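First, one chain by itself: the form predicted on its own, in structure tokens.
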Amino acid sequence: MMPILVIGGGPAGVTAAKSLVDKGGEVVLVEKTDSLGGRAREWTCKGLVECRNCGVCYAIDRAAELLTQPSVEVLLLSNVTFAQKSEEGFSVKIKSSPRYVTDDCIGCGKCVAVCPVDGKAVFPPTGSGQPRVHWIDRDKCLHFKKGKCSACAEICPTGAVDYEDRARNITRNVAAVVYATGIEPIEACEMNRLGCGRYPNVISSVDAEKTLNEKGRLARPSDGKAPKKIAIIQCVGSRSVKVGVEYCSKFCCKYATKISQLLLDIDPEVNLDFYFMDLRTLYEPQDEFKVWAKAKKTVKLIRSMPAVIFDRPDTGNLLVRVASETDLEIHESEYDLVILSVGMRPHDATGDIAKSLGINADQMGFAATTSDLEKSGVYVCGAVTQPMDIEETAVRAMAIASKIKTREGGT
């Protein structure tokens, strides 16, 4: 029985891989970063009081489950460098970079604490990523640059540091390929009129997610104080012909509304203004958030896209200038913190491996799937194909796994 190759260890990749294993298949999963989980690794659970179905824990749980499966070969810090159609499927070559830390790592973090490098050379897995095994950046590590330091190896209680680890070139023959390279966020600073990169208290939704995931609450970057008046601005980098992308990124409203609810759960005294053009929350009734907001005296929904943001140098506060819904008036409001809710782009939809597999991009830059492509044994999966949230990604990934098992028969 030949395995299935899954390229990408985000929500789509881990769900497809787990579904294939559950159906009796074998999987080789290739992920270029240090851990599984994709973007969900850095996003926060929105359910402080109750589950809000953001899907973050789903992706992380599937990743953790996958690592316990003997029929899955997980290759982290790895890239597919060559893929060629063969009579039985595909012949692929994979370059796997060394981690320099073995699976004996217990994640205690002592190695990070003693690392003398400014900015550190040894790192824990990204966010909530799985497995919880550290890794060493050879380009920064003094052991490799000068041959003198072994502080991390000396303090490691399980002897997990392995300076002799080496890169590997791996060849695998696989029956089919699942291409699930995911998304990348639009850079908020592309919208420079909104103050990103100029004013420290203007942050992106990606930054907000990371901070909430790591620390459990937001603080103003300028002074570390807890913000009491927050603006969340939707559609930053989406639905624009000048910067970012022309399409609606679809899932941003859903996550931003849930972040809004989380911020009020953390601090009920926060005043929050939610700026939007259209409120799209996928299949979840958008009225649910509107009802919640209406019941909160400290929450306002404002249907308008801010034109520009200025700062007040004396306080670090931000002045948001916006037109009224009728465009007849200009209003200005002051905030402690502004969160720019950014859209997304497909990641690596037009790379060399995608091209070698016969994957083409559509007019918006997403990886296009066709019946002929699937007949050849290549299945494109997840948000690299179109905007979608984690839940929709998981459903489509499970459908792809079923299709593969049906079409590939006993493989």
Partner chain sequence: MTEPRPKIVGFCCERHGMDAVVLAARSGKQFEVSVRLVQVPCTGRVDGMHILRSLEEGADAVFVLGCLEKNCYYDTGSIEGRKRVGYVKQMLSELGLEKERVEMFNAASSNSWVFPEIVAKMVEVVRKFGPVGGEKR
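Bear in mind that the values here come from a model prediction, so they are computed numbers and not experimental data. Residue numbers count along the first chain shown, from 1. Only the largest set of C-alpha atoms that superpose within 1.5 Å between the two forms is called the rigid core.
The form predicted in complex with the partner chain is left out here; the points below concern that form.
- Note on the partner interface in the model of the complex: the residue among Q234, S128, S204, S260 having a heavy atom within 4.5 angstroms of the partner chain is S128.
- The single contact residue among E88, E214, D223, E329, judged by any heavy atom lying within 4.5 Å of the partner chain in the model of the complex, is E214.
- The candidate site formed by E50, I60 and C108 is fully in contact with the partner chain in the model of the complex, as each residue has a non-hydrogen atom within 4.5 angstroms of it.
- In the model of the complex, the partner chain lies farther than 4.5 Å from every heavy atom of R168.
- In the model of the complex, the partner chain lies within 4.5 Å of some heavy atom of R132.
- Looking at L373, you'd find every heavy atom of it more than 4.5 angstroms from the partner chain in the model of the complex.
- The closest heavy atom approach of C45 to the partner chain in the model of the complex falls within 4.5 Å.
- Remark: of stretches 76 to 84, 215 to 223, 190 to 198, 330 to 338, the one touching the partner chain in the model of the complex is 215 to 223 (heavy atom within 4.5 Å).
- Once the rigid core is overlaid between the shown form and the other one, G216 does not reach a Cα shift of 2 Å, moving by less than that.
- Relative to the superposed rigid core, P268 undergoes a CA displacement smaller than 2 Å between the shown form and the other one.
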